[in-house]
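One chain is shown next in structure tokens, namely the form predicted alone.
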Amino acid sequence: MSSFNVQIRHEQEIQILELYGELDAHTAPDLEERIKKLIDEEKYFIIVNFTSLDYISSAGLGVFMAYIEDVRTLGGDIKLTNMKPSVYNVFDLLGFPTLYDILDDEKQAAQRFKSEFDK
């Protein structure tokens, strides 16, 4: 069985999900539950930090696809940061960089949200 964990931090109105381990078919429901809970709590500004994620499968990618339109329709967004090259390559192969803001670090993502708040 794969090892996976999600930690959530809050910085003002931004929710930061830190992913650890391997995100695959066995662990994707954990991430899905966390994102659903944030949406239910009307927390729509989400940064996902991949620093400690070692592997992602298509099932893991599917979680992001399942919720991005919902979050954007509600006025928020999901920004992805700190990807290892092996994880980024999976996103890139499937064209995700055209669908998501994939940034180098949390600070850039937070600044992007803050500039959107000021509009």
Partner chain sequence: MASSDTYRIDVPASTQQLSVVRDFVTNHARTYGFGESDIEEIRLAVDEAMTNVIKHAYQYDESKTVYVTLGKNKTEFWVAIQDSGEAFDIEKYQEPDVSERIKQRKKGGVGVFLIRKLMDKVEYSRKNSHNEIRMTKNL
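Bear in mind that the values here come from a model prediction, so they are computed numbers and not experimental data. Positions refer to the first chain, counted from 1.
One more form of this protein exists, namely the form predicted in complex with its partner chain; it is left out here, but the text below deals with it.
Out of the listed residues L99, L17, I102, A110, L99 is the one that sits within 4.5 Å of its partner chain in the predicted complex by at least one heavy atom. Its partner chain in the predicted complex is not approached by T51, whose heavy atoms all lie more than 4.5 angstroms from it. A residue is said to contact a partner when one of its heavy atoms sits within 4.5 Å of a partner heavy atom; R34 fails this definition for its partner chain in the predicted complex, lying far away. Contact annotation for V90: at least one heavy atom lies within 4.5 Å of its partner chain in the predicted complex. Residue contact with its partner chain in the predicted complex: D30 places no heavy atom within 4.5 Å of it.
Within 4.5 angstroms of its partner chain in the predicted complex, the stretch 16-51 places a non-hydrogen atom from each of E22, D24, A25, H26, E32, taken in sequence order.
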